[in-house]
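Taking the form predicted on its own, here's one chain by itself in structure tokens.
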């Protein structure tokens, strides 16, 4: 039987960060990391910009100057050590291999850097919290003292006919991203007709990148009446839809997916209005389903996520949760929340790892912040968008591409979307949101 002090279930960005947090506080304890993919710790949010970036028609390599999306050329900190290992993003990096931009972590690297026993391409088939025992898919039994669940999520798959047809893709794993890029590359001079299903950040980013491929014909199908209705006011959402249409994306708004047609490979995408859209490939971006199978039928397996306290510990003493499955109390914005985005996953993982050792007692606090780049517009989404705003205010000008949409409840700022704003402006918005909790004076934006 394998014995370890700390079992970390899930080798995504949060799981690897948990291991780093453990090693910051405990240099000797035995750590076992289990994950079902071949590589670990990469940033899923970077799959689209790294793999879907259009090629340079002259060389076949990715070319930032030819792309319709704004490049990001700053280094990416993947948190490989205490100081952080920097890996240059493939976005805007010419012909660089897209895999490099994700800063993937292989088992040998993790074992050398963190002295962790890594079991990739492995799952846990049995998990007994009471006895602190588990069984791996390899048949090996293990016994652990403490554990952290960081199992993340999987792409939500619509319950419609034809969802299993060839060339119906999601964008959740490295394999997904590589497959999408391969299909686009095989399109040749005739291009590829692509249908993107969804209206969130991933769908919008994917459509904005795919339309830049030679000959690509991209259709965006979204059930909402406007793009990004959750984050923007009505006029700004309509403006964003016009930006997409002007760049060549065919917008099919107010359409609900009904199914995929074809024998073995996709031929058409059908909507509930009866429309049949010819397609050589569909990219479905309809959210995430949490991987809670290990704790199903237990108090840790609620549909919204595994409940944890402010220290990221579950009601099962010595068992923590981090990453997308952890539903933690948000003392800044209120209510329970789950984190999104690479930086949040890294920070939460390190806090959970440190607390797991018992040598740290740190609260996890995070103001939600997502970043997306579409057709040269850099968007920062900050705050709580879970409730429709009572009032919205626009500061700046849409046509110039520099503005802030403020979401207000009771005259207080609860969320904001900044477009092409300096870092100081975004930080000012965060200070103002925190001030409503702390009682500090309202921050003044520059």
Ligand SMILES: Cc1cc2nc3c(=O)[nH]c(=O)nc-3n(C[C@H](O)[C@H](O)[C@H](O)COP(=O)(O)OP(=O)(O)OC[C@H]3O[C@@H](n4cnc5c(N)ncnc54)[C@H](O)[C@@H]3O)c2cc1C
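Keep in mind it's a predicted model, so treat the numbers as computed, not measured. Residue numbers count along the first chain shown, from 1.
Same protein, other form: the form predicted in complex with this ligand, not shown, and the subject of what follows.
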(request) Look up in the predicted complex whether residue 36 has a non-hydrogen atom within 4.5 angstroms of this ligand, and give yes or no. (result) yes
(request) Check whether residue 223 has any heavy atom within 4.5 Å of a heavy atom of this ligand in the predicted complex, and answer yes or no. (result) no
(request) Classify residue 257 as contacting or not contacting this ligand in the predicted complex by the rule of any non-hydrogen atom within 4.5 angstroms, answering yes or no. (result) no
(request) Evaluate residue 13 for contact with this ligand in the predicted complex, applying a 4.5 angstroms cut-off between non-hydrogen atoms, and reply yes or no. (result) yes
(message) Partner absent here, but in the predicted complex, which of 214 to 222, 241 to 249, 366 to 374, 308 to 316 has residues with a heavy atom within 4.5 Å of this ligand?
(response) 366 to 374
(message) Looking at 332, 291, 229, 357 here, can you tell me which has any non-hydrogen atom within 4.5 angstroms of this ligand in the predicted complex?
(response) 291
(request) Work out which of 32, 405, 47, 414 lies within 4.5 Å of this ligand in the predicted complex, going by heavy atoms. (result) 47
(message) Need the contact residues for 332 to 349: heavy atom within 4.5 Å of this ligand in the predicted complex, sequence order, or none if there are none.
(response) 340, 341, 345
